[in-house]
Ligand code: NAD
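A single chain, nothing else alongside it, follows as structure tokens in the form predicted on its own.
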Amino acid sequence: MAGAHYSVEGSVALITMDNPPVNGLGYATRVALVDGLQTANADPKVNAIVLRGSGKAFSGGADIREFGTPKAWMEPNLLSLIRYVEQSDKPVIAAIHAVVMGGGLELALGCHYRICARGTQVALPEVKLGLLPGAGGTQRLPRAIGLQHALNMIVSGSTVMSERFAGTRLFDQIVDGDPLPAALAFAEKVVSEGSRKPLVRDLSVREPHAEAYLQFARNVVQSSSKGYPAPMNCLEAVAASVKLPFDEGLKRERALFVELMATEESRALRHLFFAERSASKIPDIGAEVQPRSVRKVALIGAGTMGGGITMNFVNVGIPVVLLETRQDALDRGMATIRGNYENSARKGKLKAEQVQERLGLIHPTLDYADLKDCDMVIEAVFEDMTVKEDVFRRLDSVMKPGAILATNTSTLDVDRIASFTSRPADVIGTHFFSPANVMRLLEVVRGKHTAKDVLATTMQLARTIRKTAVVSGVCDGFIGNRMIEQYSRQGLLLLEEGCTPDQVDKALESWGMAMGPFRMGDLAGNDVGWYIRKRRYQERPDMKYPQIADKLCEMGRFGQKTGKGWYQYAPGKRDAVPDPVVNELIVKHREELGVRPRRIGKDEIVQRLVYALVNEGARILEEGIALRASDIDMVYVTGYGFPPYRGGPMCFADGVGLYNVVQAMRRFADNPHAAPEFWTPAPLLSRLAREGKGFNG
């Protein structure tokens, strides 16, 4: 049977799900499971049935390849499959190993018995897609492990190890190693004792103060799930397991599930789920391209960025040679890394021996010769082409043949940097985001001459150090910073027109952004943007830049690091406090421009900044800098604080409708102070809007 295999061992039928990589419960697998159940029940020589998964999982749940297709709902759907299991004439025992999640756990809960291997990962993670378990998970799990534990699992979507459920009705046995022998023995025992077929659905949820606990949980979930309707729907579905008979609870679960399926939030989260998987796929790099071996890495620069990148590698056991030009800078960098690890140990996240083990993987040095046996080097020095040139000429002379030479530049031309070496095919951009040991995003910049195996190696290494890698072509600022420049520019223009930094930031933050543009500037350092603008004045004299940001920097207000930026900051604190000095600076600047301030609403603020991202994103897509619109969305959600429940700027624009986005841009173009030339829709955006299409299909 496609999707599952059927065999008989003695008097036990063995049905093995076989749908790699995680035995997703796709249509073919569901049909094969029902066929297997019917075959086993019709065979007089079979007394019991064992259900298991092949390969690396029992089942990871729904087959993501069928999401959004008719097959996802074709009969037998998952609800029907579970009903066939429950109604089997012969007892069904689940032999569970490695992974049992989502629909896979719901299927296991429908079996009469469950034998589980120790160390199995258990979860109902649907909330992370803006959904809830829709095949009885919210009704059966509370009956198996209790209300509180089930509610915590379902609302958070977190993964729990199987040992936590010892002594509950979820697992009848937890065994070491392969659970199949124990499941077969258990099946024989069940048959010898009369073939009882207990059902989880027949249990009751035992919680003496259920309503009080549920009300407490409602208050907590409501306050912590802003922008996300799924957690509260999860809670209400679980509440139905306490208040309603099983079948009525199942109907309530289904109604809440269908409600979530129609939400923009779930659409956005499902989009990101697939976007993350698509980001790793590069059209011209297939399985025939073999990655290079990277066993040892070098880092140039022990500052905040270099230290953070170093931690990424030693965290996964890869040794790092950390190079600086001065001993005091090297000592400071090592002290910062040590402090970060010791702080983690104080919080209980690391053991003392782990701290020493990771520090022991770092070899600090002042000598380029110590890099000669490294397989990859990442440069993380000051963002200046002259400095980069000096570093890469040195690296070219000391690094062994085949070593990968990576630059952590955030805006500079990777092809020009590659030209400083005799091996441009070995050069690639690896744009980490600060703090590099925390932020998920890694922009991987593919140069004109970058070898395919260099790109494949870097993408593989990104997965090793637990980063979400997105490929970008070479342009000024790549994907993220090229777009954020237009976003920030509109923010500055709004100051000239009548807004305050606090008004702009609050509008974006209430819309869902983790941080508004002015708080973001203070965090990153306003001098960074100032340095880039000085370069722009030479390269793009046609582009209008508001001078207010330069005036701020001329006052030495570089942000949090100087205690003053667009806001003021108390010593040792990160709270952004509006500063009258900045407001006076803005008022004086408007007077010099002859601009009469006007009242600007929240909607205009949000639309101008977000649609600025969209328009520049469309240009990036059309130029081939980004491979796909969903890659742009991944960059913004994982690296720039764009709210996941809005799916990224391109996904959000699709939801609004590109026709409506273009109409709004035309209104902005009528404002002579809003950089009208920018609001000419990118050709791709215009074409898709005319055709009634979206960026993401």
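Keep in mind that this is a model prediction, so the values were computed, not measured. Residue positions are given as counts along the sequence shown, with the first one as 1.
The form predicted together with the ligand is left out here; the points below concern that form.
- Contact annotation for residue 323: at least one heavy atom lies within 4.5 Å of the ligand in the model of the complex.
- Among residues of the shown chain, residue 381 is one whose heavy atoms approach the ligand to within 4.5 Å in the model of the complex.
- Contact annotation for residue 300: at least one heavy atom lies within 4.5 Å of the ligand in the model of the complex.
- Although the partner is absent here, residue 306 lies within 4.5 Å of the ligand in the model of the complex, judged by heavy atoms.
- Stretch 384-392 is the answer when you ask which of 208-216, 501-509, 384-392, 93-101 has residues with heavy atoms within 4.5 Å of the ligand in the model of the complex.
- Checked against the ligand in the model of the complex, the residues 340, 434, 421, 547 give one hit for a heavy atom within 4.5 Å, which is 434.
- 368 is the sole member of 368, 246, 228, 273 with a non-hydrogen atom lying within 4.5 angstroms of the ligand in the model of the complex.
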